[in-house]
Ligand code: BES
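As a starting point, one isolated chain is supplied in structure tokens, in the form predicted alone.
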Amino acid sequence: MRQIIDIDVKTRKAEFARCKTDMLVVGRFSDGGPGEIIQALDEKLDGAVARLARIRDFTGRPKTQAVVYGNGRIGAERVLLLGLGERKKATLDTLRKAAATAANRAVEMKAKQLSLALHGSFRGGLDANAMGRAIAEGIYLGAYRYDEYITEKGNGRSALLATEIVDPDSAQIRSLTPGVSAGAVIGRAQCYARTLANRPGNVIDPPALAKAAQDLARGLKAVRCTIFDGKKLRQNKMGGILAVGSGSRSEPRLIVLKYTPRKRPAKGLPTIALVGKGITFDSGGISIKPAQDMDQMKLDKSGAIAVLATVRAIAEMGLPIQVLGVVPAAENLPSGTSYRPGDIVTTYSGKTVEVLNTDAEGRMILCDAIAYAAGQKCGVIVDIATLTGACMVALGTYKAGLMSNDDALVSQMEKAAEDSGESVWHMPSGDEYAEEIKSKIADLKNIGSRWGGACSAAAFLRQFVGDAKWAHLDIAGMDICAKPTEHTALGSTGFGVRLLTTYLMNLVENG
């Protein structure tokens, strides 16, 4: 198979006008002058940038860009000008998306070396370490392409994009470098997640996902992987996972990744469980989905893969916190052995569930995994899942739903969302929603009424967390970029990797 594009990010001391590169990237705000960097370049370029501003071809408006050619007057072959919008509205995510746009454009133009001076526009307004991390994350986000099954060679993209963040000030480079290093780790993890999520159901089934987790753990000394196969699932009476996987020839799995840091964990921090929904393909089962867009259901494993990638990121960084990654994996298909509407399933916790719709399968596998994490005495449980279409109806493709039983945990997740650029919105999941999923013939039923489906689904999961602090991330709609944008390619977004990694990094920093 074709290799996914290799991305390398580093820092280098260099004068902007003398920087030899295929493409030099600078930014401009719309509510101010061109800035020192652009002015210095423009002097060498005989006023080419100023002419663009005069004819209103480039004034710094958001999502605008222009290319000016060096023509031997400066070190760069091209200068990519990016509009940053209003300075007062600028955030770290403005910088991250600008870097992603630059990397995306570089791949399109087949540039092999990309040099970024975007941080210069933000100097004095944002922390240098945070800027370095955001830029590095953005580079990986924008340069990524999923094309491993395209066999045509032709005039395609380069195999490598060598990227650097440049500045003439050595002190500034030293301030940026730690953030760039962390951002590169997170960016690589997100690319790993996107590749694994993009692979189709005939490539990634539950056993294949379990093998991917084992392969991941082999390369990480601080991570141990345990797999529950069908026999072990039956021995442990994990009825929810077994029911959902009963219609497929590929037996379900429970994947457990235990990260134990080499350094002593930060004092006072609990073990954190990350639980991810791993439906490798979701047809809906007997309650079958419509044919339109069913191909996208290979991405129903996105929550699971976000957990795997987060464990990879924190292990590579050596983060001093204990984390348990728990991934229930199943394929939801209709067959003569599928679980049915009307069935009553006994879950790992002992609670019974009346099945009213086999397409509400995510909660059926997650309830076993969450109960398992609670049994491992994890103080905090965070689950992440492409769980409900109802959440997408409520929030569109702009924010993930966040439900929780702890206000402090909500605040921590919201802060991580702000820092990572992966947005969430707090939604309810209290007792009124729990009433929706009470059954008359079992403890629970797996769907509530027509209304508030995302909230009642979260209320269902809440029944299995025990005494742990718990947060639920419904990432339906956030898992896929249905068409290319100016800063990312179509397919899996890897949503949740930056969010969860940032949450854990913040815990360590503030713990």
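Remember, predicted model here, so these are calculated numbers, not experimental data. Sequential numbering from 1, following the sequence displayed.
Not pictured, yet referred to below: the form predicted together with the ligand.
Interface membership of A374, defined by any non-hydrogen atom within 4.5 Å of the ligand in the predicted complex, is ruled out.
Mapping the unseen interface onto this chain, E361 counts among the residues with a heavy atom inside 4.5 Å of the ligand in the predicted complex. The ligand in the predicted complex is not approached by A90, whose heavy atoms all lie more than 4.5 angstroms from it.
Interface residue remark: D368 is not counted as part of the site for the ligand in the predicted complex, having no heavy atom within 4.5 Å.
With the partner omitted here, the stretch from 398-406, 294-302, 191-199, 120-128 that lies within 4.5 Å of the ligand by heavy atoms in the predicted complex is 294-302. Taken together, K289, N357 and G389 are fully in contact with the ligand in the predicted complex: each brings a heavy atom within 4.5 Å.
The partner is absent here, but in the predicted complex a heavy atom of A476, alone among A476, V26, L461, L41, sits within 4.5 Å of the ligand.
Of the listed positions (A468, V68, I447, I37), a single one reaches within 4.5 angstroms of the ligand by any non-hydrogen atom in the predicted complex, namely I447.
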